[in-house]
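Read the single chain below, which is given as structure tokens and is the form predicted alone.
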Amino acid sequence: MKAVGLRILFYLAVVLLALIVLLPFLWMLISSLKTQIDIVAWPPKFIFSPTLQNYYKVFGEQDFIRYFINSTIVAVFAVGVSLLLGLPAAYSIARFSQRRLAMVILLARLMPGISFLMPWYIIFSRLGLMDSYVALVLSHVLITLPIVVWIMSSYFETIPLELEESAMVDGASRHYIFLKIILPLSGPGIITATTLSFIFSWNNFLFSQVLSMEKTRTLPIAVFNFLSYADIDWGGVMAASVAIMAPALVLTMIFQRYVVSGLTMGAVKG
């Protein structure tokens, strides 16, 4: 009986945690199918006539596709640059115990983004790079690069050093070992770092708010189109939020197995 009771408590705890995590998203999804009157009604309406009018506002009346393209360009290039720089840096930290470099990168990640905003703004303004993809990509690298380095440095430490020593005995260089042996064995870790970096870049609001204008405005900023001084179009906000979350959610679901594997493998030596 005691085992049965513990199992019931376990499943109840799982259900409770699932509700806590999923309820905000479900509420947002349901609200995106309501009219403004139904959304602000009190007590809340759980029986209503669904409408797609809010999604028509997002995709029909707003330039949402352009915002989507801008977010994709910025996130893809930011992640690409971070992988190009972060993978060798993470390998160096893991194999040569460069803890000072690791601490500097961690410090950059822990510092609030707003502390970098004024220097970025001054630099990009004087270089004429405001409202450009270059400015957004470089600023987003500040977010994505530490993620890549910290996930991959832990992951590289789980790969046996004997593999590299055997390759060196056969005459392989460090570059060859890194490119032909280490990287192919690090697939789950690379997918994990890529997925998490993409999501953090995709959801970034602060840098895009200041460094982008009409040409390079990204999805998180697009929500402001439904806010005004006198009114808030809650239906449009909810529909836009669902559309913004959808790509990141799909990406996470597709690579969930690799993400879990990459994080747990990287924590083995932790």
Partner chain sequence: MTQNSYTDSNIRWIYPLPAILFVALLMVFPVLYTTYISLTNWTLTSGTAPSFIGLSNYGQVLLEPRFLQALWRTFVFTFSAVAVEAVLGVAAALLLNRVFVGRSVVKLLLLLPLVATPVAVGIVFNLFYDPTIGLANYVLESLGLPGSSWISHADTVLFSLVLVDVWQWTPMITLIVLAGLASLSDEPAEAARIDGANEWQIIRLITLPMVMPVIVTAVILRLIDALKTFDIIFAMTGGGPGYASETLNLIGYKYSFEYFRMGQAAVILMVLFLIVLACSVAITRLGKRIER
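Residue numbers count along the first chain shown, from 1. Between two forms, the rigid core is defined as the largest C-alpha subset superposing within 1.5 Å. This one's a predicted model, so the numbers in the text were calculated from it and none came from an experiment.
There is another form of the same protein, the form predicted together with the partner chain; it is not shown, and what comes next is about it.
Peer 1: Heavy atom within 4.5 Å of the partner chain in the predicted bound form: which of A94, I199, I190, I147?
Peer 2: By the 4.5 Å criterion, the partner-contacting residue is I199.
Peer 1: Is there any non-hydrogen atom of I159 lying within 4.5 Å of the partner chain in the predicted bound form?
Peer 2: Result no; I159 lies far from the partner chain in the predicted bound form.
Peer 1: Can you tell me whether V141 touches the partner chain? I mean in the predicted bound form, with a 4.5 angstroms heavy atom cut-off.
Peer 2: V141: yes, in contact with the partner chain in the predicted bound form.
Peer 1: Would F116 show up as a contact with the partner chain in the predicted bound form if we use heavy atoms at 4.5 Å?
Peer 2: Result yes; F116 sits at the interface with the partner chain in the predicted bound form.
Peer 1: Although the partner isn't part of this model, could you tell me whether F48 comes within 4.5 Å of the partner chain in the predicted bound form, counting any heavy atom of the residue?
Peer 2: Close contact is absent here: in the predicted bound form, F48 is far from the partner chain, nothing within 4.5 Å, heavy atoms only.
Peer 1: Decide yes or no: are N70, I73 and G80 jointly within 4.5 Å of the partner chain in the predicted bound form, with each residue judged by its heavy atoms?
Peer 2: Judged in the predicted bound form, none of N70, I73 and G80 sits within 4.5 Å of the partner chain.
Peer 1: Hey, which residues along 84-123 are within 4.5 angstroms of the partner chain in the predicted bound form, non-hydrogen atoms only?
Peer 2: Contacts from 84-123: L85, P88, A89, Y91, S92, F96, Q98, R99, L101, M103, V104, I105, L107, A108, R109, L110, M111, P112, I114, S115, F116, L117, M118, P119, W120, Y121, I122, I123.
Peer 1: Quick check on A41: with the core superposed, does its CA move 2 angstroms or more between the shown form and the other one?
Peer 2: After core superposition, the C-alpha of A41 moves 2 Å or more between the shown form and the other one.
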